[in-house]
Structure formats: structure tokens, C-alpha cells
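In C-alpha cells, the next block holds one chain alone, the form predicted alone.
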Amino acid sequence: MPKVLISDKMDPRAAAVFKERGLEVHEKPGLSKEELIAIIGDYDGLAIRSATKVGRDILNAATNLKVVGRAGIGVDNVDIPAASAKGVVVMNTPFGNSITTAEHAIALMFALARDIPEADRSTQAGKWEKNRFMGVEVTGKTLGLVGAGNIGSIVAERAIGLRMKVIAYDPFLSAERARDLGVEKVTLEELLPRADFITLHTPLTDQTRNILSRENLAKTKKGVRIINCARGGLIDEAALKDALDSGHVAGAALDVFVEEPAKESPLFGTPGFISTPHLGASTSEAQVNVAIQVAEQMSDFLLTGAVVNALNMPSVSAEDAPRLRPYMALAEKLGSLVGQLAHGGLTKINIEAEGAAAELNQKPITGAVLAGLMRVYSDTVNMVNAPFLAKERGLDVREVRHDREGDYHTLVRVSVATEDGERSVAGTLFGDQNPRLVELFGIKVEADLAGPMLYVVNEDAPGFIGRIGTALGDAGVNIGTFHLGRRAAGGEAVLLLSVDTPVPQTTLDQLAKLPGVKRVKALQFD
């Protein structure tokens, strides 16, 4: 009988689910790190919330551990690479607290609109300052959503019910999905000056970090009110304080901070600022939902091998795994490449399999492509939930098999339709194991996709390669491999370089100014 340890305080219905499914469960919240290390070797599963830190030392002691289940979305307290190396599956429940978080954002929007926290403090202090707290209505105002996924969509629905106009920026939001939600799809540049309220509902990635930067805050409408119940780091907190002090931003409400727990912040005490201690998921209903979900997921895995919402394991049967593994590695790299390079919002994705790849189960390959593609924008996506996230955003995902035999014994092609046109990449397996890129945006090029890389589009002209090499050498960047392709002599060429270390932004800016360079982009592959 599998044994499960619940090491954080969790709704008792989680333990009830484990027992009903026939598992042995022990509830021991509040264990010290040393106490957990001493007993973890006895357990097949570990159910946690945010208090337990599952690091390498605990995983090394977990000789029988097969799965860690996080009741909630964030897995910052789990060393996922170490868990993967130990063969431990890490699961979360990314959708169990969506309504709760969305409602908290709406609550903070009302609190900002009517100065409720400050008015409460004033009144309880014996004052009666009716004229001091002149709020604004939300009816008829424009709400700008940055992120229109699961939580953002719920916020949009509630806001429309409040008779607000909702505009949304999300790279994965299709025009059809926007119509279904009743929102107007816009670019970030369009959203900033139009929104009376801005609410953030996007994960923290390299693309979204400081998405409300000092520069972008300056582009917002004077008197805007800003809400963040998503992740700390999406807003430049120092710039937000300056914008509040100047009056450009009328109010801001943060449930999340760059540093948590936020014992101190430059924003504390700033007029117009409201804060809560990361309460987005803190309702009794949400705690019950995530507890039940994690128990069900872990039970299914331990009893049947079924995988749901795993962050480090695809949904693949034991029989298919050996054959599919190299194809999924290729597919994920191709998805990541097109995700990092494609311009504009994505509306359609075609995943074509040719030769030996066409004979395989396409769902894991599609899941791997989508995981690679969407991981550029989301830090919680995986091969299991990527198709759901794509569907949620209205992406048109199509799978195509070709019986024909082409130049390669197996080929996977990923094409995306963007606002700037179609972009396509293709790859194959060398020796049936090693992923290799063979085509990039219609240009033949052979390259490995690994580690930090540099992508350059340039005019094919004498001396260009020497100038690139010299510029990188002067910056102390060592070139590992060099891959060049072109449409025709003297035409457009693409250059893919693997480098030993990531290329600094200052160097990228210098390369972009070289004669003949049309585009420069730093890439990163796991």
C-alpha cells in the first residue's frame, strides 16, 4: 500500500481522499527540516502547500518518493530539477484557486475606487471626512487586462457585469476567444493610455518581468489605478512609488511583492497605496478545492500511473515513453524556438509529422510543442496542461500527418500564424535520438538547439561574419558552434550561434547596429 505524508496544514478532506482511495496517509504539519529528512524515506508521496521546502537534501533522503503534490499553483518551494534527476514527479493544482484570485482583484479594484482602507482608518479614528474621500465609479470605466487566461477571463466576466469596458493584452488571445469573452483585444501599447484601471494576470517570465516598467507606467493614462494579484516582479515597485507620489497613478493595490514576505517596502505608507499579504488564494473554498485536487491527482498517479498537471513529466504511457521521448525533446525545442522568435499575437499553430514521426501518437508531440512554445510566456506550463491553456486562449491547434517520405526519414514541422504572417521551423532526429533544426523560416539551416544561442538575420554580404565574430570577441563572448543559411547569394541570411555564456543586452544592441543586420535575438534552450 502506497504511503503519503501531508507535511503542511491542509484541509482534512485531502487526507479523506487518500484514505478512500486505499492509501496510507499521515498528517504531520510543522515538521522541522531535520525531522522531515529523518522520515521522508518511508513515503511514496509528499503533499505540501507553501511551508515545506523540498530541496535537494530532502530529495536525497527520499529514497522511496515518487511524487510531490503542491496544493496550489506556485512551486517555488520545490527544487524541480533535483526532483527530475531523482525521478520524482512534481504536480500542482494550477486552476483550483482561479475564482478566489479573480474575486480578490475585483475587491481591490473597488477598494481603490472608493478609498475604502483609508476611509475606514479615518472614521475609526473619530474623524468624519466625507469631503476627503471623493472616489470614482467603476461603471463605464475601461479595465485593461494584462493576461487573459483562466483568472483574467473570470475578472473580465465580472467586470463586464459591472458595466465596465474591458480591453485585454495577451499574446495567446485569439480574436475569436476575445469575442466570446466580450473583450477588445489590444496591444500593450494600446492598452496603457486607454485603461482607467489596469489589472495584471500573467505569470512572471523574462518577457513579463517589469512589464509595468518606469517607461510603461509613464505611458498610462493620468489617474490610472493599478492592481496586481498575480506575481511580484511584474511592476517596477520603485517606479510605481514615484508615479503615486507625482499623482500620475491615482492608486495601486498589490497582493504580491518582489520580496516576500514583504516586511518592508518603499511603497508602504505611500498615499493611494493598498497592500494585502498574498491573499489571492486565501479563501476556505479555494483551500478545499486545491486540497481535494492534489489528493486525487497523487492517488491516481500512485495507484494507476496516470499523470495530471505534472511540471516535469509528460502524459505518456510506460509503453510509448521510450519511442516518444526523443521526438518530444525535438518538438519542445521547436516550440520554444518559434515561441522565442515569432512576432505578434499567435492565432494558429500547425504541427506536421512526416516519415517515422507520422506513425507515432501525436498528442504527446503536440503537448511538447505547446509546452515549449508557451513556456516562453508562462512559468507553470507543462506538457500536460499546455493543450488546455492553448484551448483556453482560443488558439487553433492542428495536427497533420504526412505519409510521404521527404529528404529526412523523420520530420516535425511547427508553423504559427501571427499578425506578421506565418513562421515555420522544422527539425529531425539524427541517429533517431539527437534533435536537430533543419529549416528556419523557409531557410535551410542545420543546428543543434541547446544552451544560450544568438539568432541574427542579415544581408548576405562579404565581411559580415568577421564583423560578428570580432564584436562578440571584443565583448568576451566565446562562440561554440556556427550555423549559417541563406535564401540565395546576396539575399537574406540567418545565423545561429551557440555561445558559452548568454550575450549581454549591451552587446546585442551593438550587434544590431552593425551594417547589414536586420534583427538580433538572444535565445535560450534547456
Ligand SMILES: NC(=O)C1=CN([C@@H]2O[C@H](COP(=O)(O)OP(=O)(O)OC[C@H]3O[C@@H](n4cnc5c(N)ncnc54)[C@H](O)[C@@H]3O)[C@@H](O)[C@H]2O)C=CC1
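Computed from a predicted model, the values in this text were never measured in an experiment. Numbering starts at 1 and follows the sequence shown.
Below: the form predicted together with the ligand, not depicted.
For this ligand-free form, the site is classified open because the ligand, superimposed from its arrangement in the predicted complex, keeps every atom beyond 2.4 Å of the backbone and C-beta atoms. Listed stretches are 330-338, 150-158, 357-365, 444-452; the contact stretch with the ligand in the predicted complex is 150-158, by a heavy atom cutoff of 4.5 Å. P171 is the sole member of P326, G394, G233, P171 with a non-hydrogen atom within 4.5 Å of the ligand in the predicted complex. Of the residues given (C229, V425, L411, V166), C229 alone sits with a heavy atom within 4.5 Å of the ligand in the predicted complex. Taking the partner from the other structure, the ligand in the predicted complex has no heavy atom within 4.5 Å of any heavy atom of I292. The ligand is not drawn, but in the predicted complex it has no heavy atom within 4.5 Å of T142. Within 4.5 Å of some heavy atom of the ligand in the predicted complex lies at least one heavy atom of V256. Although the partner is absent here, R225 sits far enough away that none of its heavy atoms falls within 4.5 Å of the ligand in the predicted complex. Contact residues in stretch 435-463 (any heavy atom within 4.5 Å of the ligand, taken in the predicted complex) are absent; none meets the cut-off.
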